[in-house]
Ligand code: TA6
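Below you'll find only one chain, the form predicted on its own, shown as structure tokens.
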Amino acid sequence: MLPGGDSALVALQGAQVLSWVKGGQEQLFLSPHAAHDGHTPIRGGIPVCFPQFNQRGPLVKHGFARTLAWQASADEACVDGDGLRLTLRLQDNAATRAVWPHAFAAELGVWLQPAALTVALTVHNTGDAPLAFTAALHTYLRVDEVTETTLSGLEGLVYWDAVADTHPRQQGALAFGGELDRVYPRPAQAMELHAGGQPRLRILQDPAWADTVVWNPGPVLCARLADMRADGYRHMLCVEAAAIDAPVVLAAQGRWQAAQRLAHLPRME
């Protein structure tokens, strides 16, 4: 927790950020029905998808990293400027190599600053052969009412609409209500989330994230999700930093890093 009251909560399972509080208000969505049993994926916060996004490959959906215990020690939480930084680590082991035969070391860095949260994923190929992966920071943002929420910054981009399986061009800011599942190329500029006509968050993704996924299950799909309330879709919106359309290929001993920064925006008077 920072002197001004900003705080973050990170689970060792999946190195998953579960909470980010700014000004006494929770900024991330965590389902009240989320599992916390140490091995089931946790619905909400910022899950780390690695080394596979969704079902784009032979591994378990969204990869194994989000259900494994990452390692952190007390000396890895430190003061950094006006904020606090935490690093968690995951290395290959017999279980990971049985399903994904690669040597790797992954780090998840969480940097809490006043009114800002930065999350960075680093992947190091520690083996002697190339490896390829897809990844995402599956960020669940909390909103009071999704139908009163808009997301700007993606205007003019051609995207894949996974619900309709079409490739239209984005016209204007995104609005929400029904099921929405889209993959955009990462915008060059920051995105902005507005709620009830007020600015809420600025979202900036590093260029190494080639894609941006925007997802809300809508009422029909949400009602079928066992770890969500039927109306849970109204209070969340996923805006995900992703590298999924083209896998990241790392040469032996190669390293890749990409961050997503969330900044709280002041209300307009």
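Given the structure is predicted, the values throughout are model-derived calculations rather than measurements. Residue numbers run from 1 along the displayed sequence.
Same protein, other form: the form predicted in complex with this ligand, not shown, and the subject of what follows.
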{"item": "Contact assignment for this ligand in the predicted complex, among F29, W215, W209, W70, heavy atom within 4.5 Å", "value": "W215"}
{"item": "Stretch from 97-105, 111-119, 136-144, 193-201 whose residues place a heavy atom within 4.5 Å of this ligand in the predicted complex", "value": "136-144"}
{"item": "Non-hydrogen atom contact F50 with this ligand in the predicted complex at 4.5 angstroms", "value": "no"}
{"item": "Contact test in the predicted complex: R229 vs this ligand, heavy atoms, 4.5 Å", "value": "no"}
{"item": "Close approach of R43 to this ligand in the predicted complex, 4.5 Å, heavy atom", "value": "yes"}
{"item": "Contact flag, H33 vs this ligand in the predicted complex, heavy atom cut 4.5 Å", "value": "no"}
{"item": "Residues within 4.5 Å of this ligand in the predicted complex, restricted to 87-126 and counted by heavy atom", "value": "none"}
